[in-house]
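Below, in structure tokens: the form predicted on its own, a single chain.
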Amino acid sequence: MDTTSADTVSAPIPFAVLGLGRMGRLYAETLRDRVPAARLIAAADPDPAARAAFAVEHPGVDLFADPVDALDGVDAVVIATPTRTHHPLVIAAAGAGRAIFCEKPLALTVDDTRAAIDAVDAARVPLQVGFMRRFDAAYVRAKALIDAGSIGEPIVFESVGRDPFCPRPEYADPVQSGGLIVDMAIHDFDLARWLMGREVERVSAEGALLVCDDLRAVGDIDNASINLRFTGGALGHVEVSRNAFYGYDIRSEVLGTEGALTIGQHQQTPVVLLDRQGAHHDVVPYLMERFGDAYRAQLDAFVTCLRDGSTPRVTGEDGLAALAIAVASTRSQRAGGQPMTVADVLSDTSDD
């Protein structure tokens, strides 16, 4: 579809948001309040209560129970439905000729991810995957410093991703979300590829259910530790956790041959109280406090691509590469830490 014709180039691009859970509402509010080049005109969710609550907050937006019905009359779509529904909706949106922004991951399996990418390629529509950390100011600055050679050759990647609460079992269910590693560590795997400028070739992972006992009913874990080996021999490590009850803890480090970069910190507000008991400061509460600007920036970048016809900065192939690492890591974790190669996952047509 052409969103750059002379009579429409200055008009806001009409969007639909599919899925009105936490992420869908986040994207809807961001489109409405922080992306002036976009106009939210439609939204969809099968839950009547979700639609009713959304109608109060977003009067004038057309609401649908079936996400496919929301594709009429828009130029672009944000897919923020449950993870297992992403790939059929990507295929439907591509078939309708709509530009697609899809929350990570595109699908839960490599085969379904490839099917989604093939549909997008056949329809020749833009696709951007929602790895918002690439648009965070700190990570953008780190990438620029690495590319400028400020730390020499990157040789070790470290990343921590910790959520401040145990999720609901129905959300964490691996059938729905892919499980802890696919749901959470996929962000770190995307950062690893992007910051290191290399592909991950081998992983080994350990995981356990240590705190969030409600997850036992769905067979998920709450903590995982994943070792990475990159092409060319560089090393990496990713830790993800559901039980950082002190706050939202997202940090990374890249060690190079001539220096290192640290990205992220515990502290939210740059104020430290000093008293007889010591030094005290706050912590990052949760997602929007840490990455709210990144969510806006990634949608701004997507709209820019629709305006000028450029390729989105995070493509379907990026989504496939990160998912393959996550699937390999999940297999390794389930096999008690046995090393797994990403190439084997990409060549296996019976992926998990």
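We number the residues from 1 along the sequence you see. What you see is a predicted model, and the numbers here were worked out from it, not measured in a lab.
Only in words, not in the display: the form predicted in complex with another copy of the chain, which the text now covers.
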query: Single option in 115, 96, 235, 175 placed near another copy of the chain in the model of the complex, where near means a heavy atom within 4.5 Å; finding: 235
query: Residue contact check: residue 259 to another copy of the chain in the model of the complex, 4.5 Å heavy atom; finding: yes
query: Residue 107 within 4.5 Å of another copy of the chain in the model of the complex, heavy atoms; finding: no
query: Touches another copy of the chain in the model of the complex: residue 89 (any heavy atom, 4.5 Å); finding: no
query: Residue 202, heavy atom within 4.5 angstroms of another copy of the chain in the model of the complex; finding: yes
query: Which of 136-144, 96-104, 77-85, 120-128 lines the interface with another copy of the chain in the model of the complex (heavy atom within 4.5 Å); finding: 136-144
query: Stretch 62-84: residues contacting another copy of the chain in the model of the complex, 4.5 Å heavy atom cut-off; finding: 62, 63, 64
